[in-house]
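In structure tokens, the next block holds one chain alone, the form predicted on its own.
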């Protein structure tokens, strides 16, 4: 049965459509302003508040990060971040920006449209996969196009198949060896955190945040409460301003952990103890983790393979000034003192025993 809509309902629907069109218009104009408004250095909003995670360091919040605060901007306005920025970082970034009431409404509407999305990843061309597949295509063509192949010199015809199979086998072998290894792994973290700023600039010792490194198996990731020991007093970041530190404060207020993405992972069947290496062995953090003190974003610099560990055990000498080694390896100590040995390597004291790491 078809029923007639009441005039009141039609009016409501018409008004809703009108509001929707107006908001779309605001959002469209806001998007244009987001791309063309520039500060005194000629930088636009898009130059700082990116849409795609880049390979270079950008400590500004992404456009999508701003979108997550669109409701707050709608209530409090966004012009204050241009006319009277809160801190030094934003003052420098927003210097020279001019924003009108219309521009403000448009940008807020544009950000509201972006809410719920996330920055896209940079897509790299997988040349190895393309080359690997291309070699198989060439093999098929060599099989199908026998007549045309005969125009090639005999020597070329003899070499082309072995060369193709060599490329295929090299790629397959390299990928098989590197399977489940994560060298150069550099994930995007939920909060932008710089080890360089904390360690090098502010002289915070590694052990303060990673307290387990000297007394246990795992180095540990600092809880929010530890971050707040400093950041309840310091709430403006050197590079990020207030935006990233608000996430820490909010996590502390809501009593929820920050879900950091682990960078260095070993297989479950492998045993590794930080205390054994750092406290007893005297191994520097940089040996395994690289020049962390000068890193803004952490990445895995070594492949952490079994061969890499064994190579280290073969070339690293044991420091017998440590009471631990004197107690457990008196025979080696005696040989060093009497001159029978000039050094003892880690591989000599069970550094190559399978059961030490695979128990």
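Whichever C-alpha set is largest while still superposing within 1.5 Å between the two forms counts as the rigid core. Positions refer to the first chain, counted from 1. It should be emphasised that the depicted structure is a prediction, and the values quoted were computed from it without experimental measurement.
The same protein also has a form predicted in complex with a small molecule, omitted here; what follows describes it.
**Student:** Only one of 217, 183, 143, 128 gets a heavy atom within 4.5 Å of the small molecule in the predicted bound form. Which one?
**Tutor:** When the small molecule is considered in the predicted bound form, the option within 4.5 Å is 217.
**Student:** Could you work out which of 221, 156, 133, 169 is the residue within 4.5 angstroms of the small molecule in the predicted bound form, going by heavy atoms?
**Tutor:** Only one option qualifies, and that one is 221.
**Student:** Does any part of residue 163 reach within 4.5 Å of the small molecule in the predicted bound form? Heavy atoms only, please.
**Tutor:** No, residue 163 sits far enough from the small molecule in the predicted bound form that none of its heavy atoms falls within 4.5 Å.
**Student:** With the partner left out of view, is residue 327 within 4.5 angstroms of the small molecule in the predicted bound form by any non-hydrogen atom?
**Tutor:** Residue-level check for residue 327: no, no contact with the small molecule.
**Student:** My question is simply whether residue 305 lines the interface with the small molecule in the predicted bound form - judged by any non-hydrogen atom within 4.5 Å.
**Tutor:** Residue-level check for residue 305: yes, a contact with the small molecule.
**Student:** Report yes if any heavy atom of residue 349 sits within 4.5 Å of a heavy atom of the small molecule in the predicted bound form; otherwise report no.
**Tutor:** Output for residue 349 is yes: heavy atoms within 4.5 Å of the small molecule.
**Student:** The chain here is shown without the small molecule. Which stretch in 148 to 156, 134 to 142, 249 to 257, 233 to 241 comes within 4.5 angstroms of it in the predicted bound form, by heavy atom distance?
**Tutor:** Heavy-atom contact with the partner occurs in 233 to 241.
**Student:** Determine, after fitting the two forms on their core, whether residue 96 shows a C-alpha shift of 2 Å or more between this form and the one not shown.
**Tutor:** Yes, residue 96 moves 2 Å or more.
**Student:** Inspect the rigid-core superposition and answer whether the C-alpha of residue 85 shifts by 2 angstroms or more between this form and the one not shown.
**Tutor:** Where the cores coincide, residue 85 still shows a C-alpha shift between this form and the one not shown that is 2 Å or more.
**Student:** Relative to the superposed rigid core, does residue 110 relocate between this form and the one not shown - that is, does its Cα move 2 Å or more?
**Tutor:** Where the cores coincide, residue 110 still shows a C-alpha shift between this form and the one not shown that is 2 Å or more.
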